Structure formats: C-alpha cells, structure tokens
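Next comes just one chain, in structure tokens: the form predicted alone.
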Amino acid sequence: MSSKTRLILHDLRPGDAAAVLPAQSEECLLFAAYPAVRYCVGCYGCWTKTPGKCVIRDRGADMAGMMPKCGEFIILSRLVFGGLSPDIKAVMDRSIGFVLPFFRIVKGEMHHVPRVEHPPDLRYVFYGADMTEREKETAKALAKANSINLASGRSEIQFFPTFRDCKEVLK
C-alpha cells in the first residue's frame, strides 16, 4: 500500500456495496463493517501486548494495520443519531491501536498521540433519510474530534440522502 491508496470502511451489504463502491484494487482497499466484527472489550492489548493491532482474533484486527498504509481513509456510514452506524463504530473502536496510549493537548483539548508519522487524510461520507440539522452538527463535531485524535492532515465530511447518492464521491 502507498500514500496514494484509499481505504474505504463501509457498512453496506454486499449487493449495495457493489452498486456504489469502486472495485477493490491496489489503489482502493475496501473494508466492510458487515458482517459485524466483535466489539472492543477495552483490554488495551492493542497498546500493551500487540502494539498497533487488536488482540481479538477476527477480521476486525486487520483494520488498524491498514490505516497507516493509506493516504486517504474514507468512512461511509449511515448517520445514526448524529454518529456512526453501530457496525462502523465497532470497527473504529477496534482500531484504537492506530494511536498511542499517550495524550497531547490540541487547541485546548486532550487527544491521543499519533502512532504514525504521516496519518491518512480522513473523509466521512454519511447517508440517511431525514437527517436533522442537529444530527449533522453532532456528526461534524465527531468528525472534527476524530480527525484531531487520528492526527489527520486533512478532513472532510459529506451528507447524502441515500447510499446510492454517494457513488460519485467514492470514485
């Protein structure tokens, strides 16, 4: 993988994913949050036992290893109460080993110290019917905090009424 590689984490079912996502290639990696991965158990083994990689042995452990090797990390998620879908949240929680267990102050807020020298750019692509402005504002705050926590060089957030409407921005 190179800094030109895009990693797309998504919560789409296989048929829906094929309709909107680009094909997997060396330049575009896909990670489906469905079927769901096991939830983080808060053991911090990703910091103490296997630095940078979750100790739970399922496909969710692969995600944190993929993140530092890409130039752009795209999260395609249904907007749920202003946040990530449960399946995407589980994958992101399992990827905490991407950052170090130490803290730094950024603009008056406490955030994790990055594990890698050049973290990927971060882009959130949310979809869902009937999104309220309050939910969008909550999602923007979440995206901003995660961007700082992951030490992303650039971050972006977009909203679409359906996952099918996201197709053009994912090319």
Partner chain sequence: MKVAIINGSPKLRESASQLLAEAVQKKLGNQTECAICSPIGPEGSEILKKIEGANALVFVFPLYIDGLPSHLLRFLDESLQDISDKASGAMVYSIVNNGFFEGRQNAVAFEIMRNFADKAGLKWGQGIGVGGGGMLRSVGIGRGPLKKVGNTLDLLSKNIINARSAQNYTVDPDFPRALYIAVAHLSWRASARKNKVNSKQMLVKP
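Residue numbers count along the first chain shown, from 1. In this text the structure is predicted, and so the values were computed from the model without any measurement.
Below, we refer to the form predicted in complex with its partner chain, which is not included among the displayed structures.
Among residues of the shown chain, residue 109 is one whose heavy atoms approach its partner chain to within 4.5 Å in the predicted bound form. In the predicted bound form, residue 40 approaches its partner chain with a heavy atom inside 4.5 Å. For the chain shown alone, residue 135 is a contact residue for its partner chain in the predicted bound form, at least one non-hydrogen atom being within 4.5 angstroms.
Using a 4.5 Å cutoff between non-hydrogen atoms, residue 116 counts as a contact of its partner chain in the predicted bound form. Annotation for 91-105: interface residues with its partner chain in the predicted bound form are 92, 93, 96, 100, 101, 102, 103, 105 [heavy atom within 4.5 Å].
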